[in-house]
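First, one chain by itself: the form predicted on its own, in structure tokens.
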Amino acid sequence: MGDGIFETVKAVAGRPFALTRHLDRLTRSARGLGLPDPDLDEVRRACAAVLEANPVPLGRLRLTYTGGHGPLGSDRGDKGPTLVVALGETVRRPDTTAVVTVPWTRNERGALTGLKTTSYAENVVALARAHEHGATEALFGNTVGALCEGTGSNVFVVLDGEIHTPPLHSGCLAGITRRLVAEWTGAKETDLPLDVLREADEIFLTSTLRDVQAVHRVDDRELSAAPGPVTAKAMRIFDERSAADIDP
């Protein structure tokens, strides 16, 4: 039924990045879904055990916390929640990528808005559309035509040398990397129309595994100079700050 929440945590040389922030969001998502607060000490122990058993240079650590076993239908069961921690090896992303916009919208007033839930089929469909067009991410507007987010990323634009990203009331997820980039670069939260993507000087994505990734094409618009100077600086700042502090 998708009655669960999750976090994806970057693991660098066996160490989880920004784990405290991820666990704080896991708790917020659990409360938003009406699940009991996860035992964060148990979650930390599970992460440490999985990382120790599976040493990889760069990993995707997936924490999944669900409503547990339930009856057929949409009712929640009474057996208590479940926790699964898994790890997969990954590689560093390219510095630039292509994105597409999709005709479907994020509902900024929905029951799950702002929660990182396992109800992800909408993202699966949108990401498949992106892949059909040679892109790695699909970007959504919301119900009032404002820029919102990607299927698994936040989006930033550069206008006249300043960095902007949609505010949380647009319906986007409060991304961990989004928050760090805003803190470290001074990016502004700004209500932006979806068509800002046609005129922005630079565009970049942020996520746990993308870090800061420049966009060189959005739909049929080429940004041949990507990463532009502002994005390149943001990439450099993120790399330096994240390397200096594993749990900022």
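Small disclaimer: the values here were computed from a predicted structure and weren't measured. Sequential numbering from 1, following the sequence displayed.
The same protein also exists as the form predicted together with a small molecule; that form is not shown, yet it is the one meant from here on.
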Contact label in the predicted bound form: T66 to the small molecule, heavy atom within 4.5 Å: no
In the predicted bound form, does N123 come within 4.5 Å of the small molecule, counting heavy atoms only? yes
Close approach of S170 to the small molecule in the predicted bound form, 4.5 Å, heavy atom: no
Looking in the predicted bound form, any heavy atom of G141 within 4.5 Å of the small molecule? no
From T165, S153, T136, T101: within 4.5 Å of the small molecule in the predicted bound form by heavy atoms is S153
Stretch in contact, per heavy atom within 4.5 angstroms of the small molecule in the predicted bound form, of 218-226, 29-37, 203-211, 189-197: 203-211
